[in-house]
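Heads up, the chain shows up twice below as structure tokens, two forms, tagged structure 1 and structure 2.
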Structure 1
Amino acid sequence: MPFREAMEAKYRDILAKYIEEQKESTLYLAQKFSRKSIENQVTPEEIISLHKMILQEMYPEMPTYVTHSFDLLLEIMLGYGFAYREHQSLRHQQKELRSEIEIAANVQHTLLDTKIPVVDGLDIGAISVPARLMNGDYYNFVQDENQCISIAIADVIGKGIPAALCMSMIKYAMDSLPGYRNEPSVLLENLNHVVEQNVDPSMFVTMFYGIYNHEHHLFSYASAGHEPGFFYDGKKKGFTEITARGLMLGIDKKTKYTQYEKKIEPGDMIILLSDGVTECRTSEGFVEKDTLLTYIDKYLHLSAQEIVNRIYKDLEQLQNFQLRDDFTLIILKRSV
């Protein structure tokens, strides 16, 4: 290693310089030296030994008590060297783990990828951002040949890898139930069976599922304990919470879900979200629902995708760019 070979001469030079005159510029050289030696994996005990050796060379008449004191210091610093090596090895492991998780996140991204449908008269925007590398939220759109668009939004209680693994399963369970796509309550009942049987009892999933009939502008939906979204009334210019009752998926296999319907008029909006949106925490506590609605109101004139993007940016800033939970927000806007 070139640094190691030059290390001795370099250290001798710096030490001699500093003993001669105690200048800040020499101390700066010493700082650069230590950075370089850390880069080259030189351990603390090696530095002590080097220091002692060079000092002995420079001052052969150096008292023996100084020499002995360095032996003691070396023994002490060996312990630090010991901890330092473990730290290095743990850092290396952490890097490996992180790149493994990044790959997993990419795989998840591909698995859960969904395209936002493009239809006349309906403007759809969606955003989903994980708090960590992997997302425990999930949304999915399916557009069928009968002018119906299904929307699913789900949240695994918990975040990170376990939640993400569970979510991949939900997605495939949904894909395997195409026959129930038009019946939100039946779909949730079937998914509930799958989750109840396959997912760890400590894990719960909330889901909101709806189908938008583009011909009659009728929105049918059911909820399995999911964070309530909002309807925006374009005429009254006001928001109402979407009330839909239903137990979370995976709790009781006999759970039945109620299906609701709502006529969507021109200018109306459907706002769906995960609790990462309403549980945005700032130094002053949770972001109030009213705050969220004010934001939506502020951006009403924009396209659905622009609205969700802006709201995410605003709430991200409110929280000092530290997401505490996965964040998913969907807006469907019927054009006037």
Structure 2
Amino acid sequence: MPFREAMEAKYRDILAKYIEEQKESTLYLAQKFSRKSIENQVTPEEIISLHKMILQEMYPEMPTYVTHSFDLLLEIMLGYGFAYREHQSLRHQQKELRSEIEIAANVQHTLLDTKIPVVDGLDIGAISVPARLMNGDYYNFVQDENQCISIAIADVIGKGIPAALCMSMIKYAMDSLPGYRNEPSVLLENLNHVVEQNVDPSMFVTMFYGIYNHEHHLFSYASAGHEPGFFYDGKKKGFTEITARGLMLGIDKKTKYTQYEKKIEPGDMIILLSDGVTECRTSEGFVEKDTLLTYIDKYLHLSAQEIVNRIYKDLEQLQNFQLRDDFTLIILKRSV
């Protein structure tokens, strides 16, 4: 039996039952009929027309004013029908868009995926969680044959697909500059040219790039307007902000970047982050940096990966489990 005929017969049966005896079980059948009608894109005006037709068949002597009242209701519901169909169309488009974004997010994760190096005497932990499906933060590790580890952390000013595409470009631009990997300032200058020439003028990128020389335990680094991280002094048991200044990537192609160096002793830590960490917001305002450092200090006895995981969970809880910005935190902890 064609769907329309089956629908008419089903509705006729429900209506007759409810007129005869007003039971909850019949109302439940009406709810199931409604859901089925929605699934099959039956419009409100079609239901009203069906209701009117069946009543006229059941009660041929039905007063004309009742019939006229259905005509008026039908005319009113035409507008609802148009709105309903538009709503269904938008829902379908939204589902398609979300599906495409999920695919893009998976591709981005594959393209930007990086492995945390395993080095004797150096404990490394990293976490990066997007506020939405696509991540506007980026971090990367590269370990060379001399056990030197390069660390990059970047943030695109913006969110969503454009920011994610920009990050993919940054990653592959870095891969094409292996000769500058040991010179943070020069690498940033070259990346700055790439961003200035290829990224929309309204979009800027902040980046911190450093290289850890495992033989000499020397950390060389430079920053392009990125959120300053922290050094932890194992002997003094205190934190200091990483001093590194530089213009964001993409503003001026002639920008030069200053390179800095820091000796890392046993018990010292390097803490790198995106502004999604320091700009966590609660109902009382932004989370202070002192609060963040208190959390880090509380978990000093744990491994680097456990520290970043615990801090993420704590700050997520402070925000009622709603990230407002992409969250990236990296910790390098020298043990010997």
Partner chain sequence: MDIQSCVNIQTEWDIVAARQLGRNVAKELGFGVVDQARITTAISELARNIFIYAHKGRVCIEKMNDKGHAGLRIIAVDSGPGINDIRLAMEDGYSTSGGLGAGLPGVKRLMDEFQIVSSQGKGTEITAVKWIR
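Just so we're on the same page, residue numbers count up from 1 along structure 1's sequence. On a predicted model such as this, the values are computed, not experimentally measured, just so you know.
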(request) Return 1 or 2 according to which structure is the form predicted together with its partner chain. (result) 1
(request) For the rigid parts turning against each other between structures 1 and 2, mark which of Glu39, His92, Ser176, His301 is sitting at the hinge. (result) His92
(request) Give me the angle, in whole degrees, that the smaller rigid part turns through against the larger one between structures 1 and 2. (result) 13
